[in-house]
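The chain that follows stands alone, in the form predicted alone, written as C-alpha cells.
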C-alpha cells in the first residue's frame, strides 16, 4: 500500500477502488499511432483524435475534473483528482491532449468566469472535445509578461483585438485561447484584461495561425495573429483592468501551486518512446560499447549516473513532502521548487544519455542505426521547453527568492 493510500479518506478509498477497476477494464493498451513525448508536440490529426478519444472516455467515467462542481461539468467530489491521477500514472495510460485547457484554462475560468460561461466552456474542456491554447507570450516581450502589447479596443459591448502572440502550443488544434490583452496603454499592470477567445471559428476571419518548426523537426508551437477580431464582452474574465491578477491564477496552476489539482493521465509509454530517467540511462549504458567494454564500466560515467539517480530520488522525497500538510511551510515553495528541480534534472539526464551514446548521439529518429531509436536526442532538445515553459528557471528562482525567502526585488 502506498503512502497516499494509507492517508485516503473513506471517499478517496472508495474512489480509488473504482478507478483501479475502470482502468483495468478500459486501458487502451499500446497506442495505435506513434505519439510524441508530450501533448505539446502533437502534430497530426490522427494523434489528436486518438488522444481526444482517450480523454473523453476517462471524462465520461468521472476521472477528469473530479473536484469541480457538477454544475460546471465536474465530478462534485472532494480531493479525489489526485487519486485518479495516481492510478492513471501507475497504470501507464496515455496522456491527455488538452493539457493547457486542464492545467491552466479550467482553473482560471472557474475562479474568474461568470457562471454561464463556466457552464458553457468547462464540460467540453474536461472531455477534450474543445482543445485550448494560451496567448501570453509575444515577440519582443521576453519574460516580462506584463509587457504584452496585443490590444483590445472597446466597441459597444464588444472588443476589437489586434496583435501578435507567439510560442502558442496546440493553437493549430485549439478551439479556444485564454489570452492576456492590453486594454489601457497608460498603465502597465492595471491596463491588462483577460479574455477567452474562440479562435478556431475565427480562422481566416480575424485570426491566423502559423506553425513554427522546432529544432526537433516537429511542430506544436505556433504564432497567432489577430487582425480586427471582434469578441463579445461576455468572454472577459473578471473586471476590466484585473488581467494581471487573473493571469496569476493561471500561472499558479501552471506551476503546480494552485488549489485545484490538474487532471493527469499516465503519460506516453509506447514501445517507440522512453521515459527520461537515470535508470533508463543506466540501461542504455549497459548496451552501449565503450572501447572493449560497456559504457556502464566507465568509472566517470558511473559516478555521473549515480549522482543523477540521487537527485531523482531526492526530488521524489521532496514531492512526497508536499503531500504532508504539516511539512508545508509556504503554499508556493514546494510546487515551485518541484517545477524548477524536475525540469532541470530532466535536462541533465537527457544530456547524460547523449554522453553515454557518444558520437552515435548525432543519429536521429529517422536513422535505423540510431541508439534507442533516436529518442534521447529528441528528449534532450525537448527538455529546453521544460526549463522555459511556465516561467524560465531564472524566473522561478526570482519568485522563490522574492516571494518565499523575502529577498529584495530584482531591478
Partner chain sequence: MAQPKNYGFEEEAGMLKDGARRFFAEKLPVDQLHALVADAYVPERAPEVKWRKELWDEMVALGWTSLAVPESAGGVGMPWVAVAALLEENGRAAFPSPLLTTLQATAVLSHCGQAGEAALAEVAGGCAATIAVMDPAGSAVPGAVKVVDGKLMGTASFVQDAGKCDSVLVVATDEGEPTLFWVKLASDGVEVRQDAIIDLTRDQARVSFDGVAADRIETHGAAAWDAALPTLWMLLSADMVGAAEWLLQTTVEYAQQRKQFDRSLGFFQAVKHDLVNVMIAIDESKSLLYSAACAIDHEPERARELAHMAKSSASDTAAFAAGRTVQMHGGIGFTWECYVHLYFKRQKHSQLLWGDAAWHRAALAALLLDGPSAAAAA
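Positions refer to the first chain, counted from 1. Since the structure is predicted, the reported quantities are computational estimates derived from the model, not experimental observations.
Keep in mind that the form predicted together with the partner chain is missing from the display, and what follows is about it.
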Within 4.5 Å of the partner chain in the predicted complex, all of 160, 213 and 227 (non-hydrogen atom): no
In the predicted complex, the residue from 242, 164, 111, 279 that sits within 4.5 Å of the partner chain by heavy atoms: 279
Quick one: from 321, 188, 124, 92, grab the residue that has a heavy atom within 4.5 Å of the partner chain in the predicted complex. 321
Options 115-123, 131-139, 92-100, 336-344; stretch whose heavy atom lies within 4.5 Å of the partner chain in the predicted complex: 336-344
Although the partner chain is absent from this view, report whether residue 400 comes within 4.5 Å of it in the predicted complex, heavy atoms only. yes
Does any heavy atom of residue 309 come within 4.5 Å of a heavy atom of the partner chain in the predicted complex? yes
Verify the contact flag for residue 326: yes if a non-hydrogen atom of it lies within 4.5 Å of a non-hydrogen atom of the partner chain in the predicted complex, no if not. yes
Is there a heavy atom of residue 303 no more than 4.5 Å from a heavy atom of the partner chain in the predicted complex? yes
